[in-house]
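To begin, one chain is listed below as C-alpha cells, in the form predicted alone.
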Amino acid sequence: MSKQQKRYLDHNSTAPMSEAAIAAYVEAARSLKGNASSLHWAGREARRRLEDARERIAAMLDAEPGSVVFTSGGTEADNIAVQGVLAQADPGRVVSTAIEHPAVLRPLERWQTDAMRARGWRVDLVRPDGSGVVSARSMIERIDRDTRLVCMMLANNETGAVQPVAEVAAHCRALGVPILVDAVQGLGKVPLDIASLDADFVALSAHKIGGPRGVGALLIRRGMRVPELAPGGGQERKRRSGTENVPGIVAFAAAMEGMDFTSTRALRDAFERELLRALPDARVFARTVERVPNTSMFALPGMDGETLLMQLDLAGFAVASGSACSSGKRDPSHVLMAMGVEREIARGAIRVSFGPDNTRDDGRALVAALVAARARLKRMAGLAA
C-alpha cells in the first residue's frame, strides 16, 4: 500500500519556515554567543545583527527603523497597542470591527465591563456587510474627538477580505485619534507601505510569512508612547522588555525578503472554480471582494465543519475550521456570524490557505476529498437514521 500523501493547506495558521529563514536562523544561532544588551564584544556583535535586521525590515516597509519594536508575535503586538493606549487614556470611545482577531477583541473586553461603562467607556464593534468588508464610512461615522483608539485589521484571517484601512487611518490622523492596524494576515499578501498608511501602530508576525514562530513586531509611529506591559530590563527603548530573540529576528528579516504569495491567487481561484463545479451548493465567503490571494473560506450546507475537518485530516489534508487561534471551540466563526451568515452554515465553514509550496494538484485533490467525505458522511447519516 502506498504511503498517504500529506498536503498542507493551512498557511494562515502558520506558514512553514522558508529555506532562507532556516538558514539565517541556524547561522545566527551558531555564531552569536552574546546577549544584545551586553557591552562586551559578543554582546556588541549580537546588537549589530539585531539592528541590521531592524533596518532591513523597516526598509522593506518604508518605515523608520526606530519605529520597529520586536515582540513575541502578533498577539503581543496587538496587546501592547490596545492596553498601552487605553491604560493611559481618559474614558471615551473605542471603535473596532467585529471581525478582528481575538488578540484585539479579547483585550477590548476589559473596557466593556459594567464598571468601565460606569466610568464612561464605550466600545463600538462595527459589523461588516455580507461580503465580509467593514465599510470605511461605517467606521468613520463612529469616530470623533472623544474616541481614544480605533482598531481595524488590514485583512481578515478567516475570509481573507481586505479592509479599507487607509481611508479610516486618514480620518483618524485628521482628528488626532490613534489607530492600530493588525496587518498580520496582510503582510506579504497585499501592499503594505507604512509611510503611506500613516497608522500609529501596525502589528506583524513572522510565522505567517515563512519566518519562525514566536517572533513579531509592533511598528509605533514617531511621537506615540505606550507603557511597558511587562516592565523589566528596558529593551526595545523601554517599550518591550525582555532579551531579544536575535536569531529569530534575523530569520524574520530573511523571510520578509523572500516572501511571495503572488502565485497562490491562481491556485486559490482554480480551486474555487473546481469546488463549485463539483459541489454547486458550496458557499464561498467574501468571493466578490478583494481578498488576500491565498485564502478561501467556504461551507457545504448540511455539513458540520469539525466533522468535515476530521475527515479531511484522515485523508491527509491540513486545513482549518475558522481561526486556528480559536481551535478546540465548538462555537461558529465570530467573523461569519458578524457577516450575518446563518449559524448552521457558519458551523460548517472550512478555511483553506495556500502557500508558495502548493500546486494546483493540491486543490484538485482537496475537491475530490471533499466530494468523497460528503458522500461518506451522508451514508453514515442514512445508516444512523
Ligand SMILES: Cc1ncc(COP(=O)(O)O)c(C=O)c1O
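Note that residue numbering follows the sequence shown and begins at 1. Keep in mind that this is a model prediction, so the values were computed, not measured.
Below, we refer to the form predicted in complex with the ligand, which is not included among the displayed structures.
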Proximity to the ligand in the predicted complex, single hit among Gln163, Thr97, Ser296, Asn157 (heavy atom within 4.5 Å): Asn157
Position in contact with the ligand when the complex is considered in the predicted complex, options Met153, Ile80, Ala199, Val292, heavy atoms within 4.5 Å: Met153
If we take heavy atoms and a 4.5 Å cut-off, which stretch out of 120-128, 67-75, 191-199, 281-289 is in contact with the ligand in the predicted complex? 67-75
Might Arg268 be said to contact the ligand in the predicted complex, defining contact as any heavy atom within 4.5 Å? no
Is Val184 near the ligand? Define near as a heavy atom within 4.5 Å, in the predicted complex. yes
So, Met256 and the ligand: in the predicted complex, are they within 4.5 Å at any heavy atom pair? no
Closest heavy atom of Ala103 to the ligand in the predicted complex, within 4.5 Å or not? yes
Looking in the predicted complex, the residues of 205-219 with a heavy atom no more than 4.5 Å from the ligand, listed in order, are Ser205, His207, Lys208
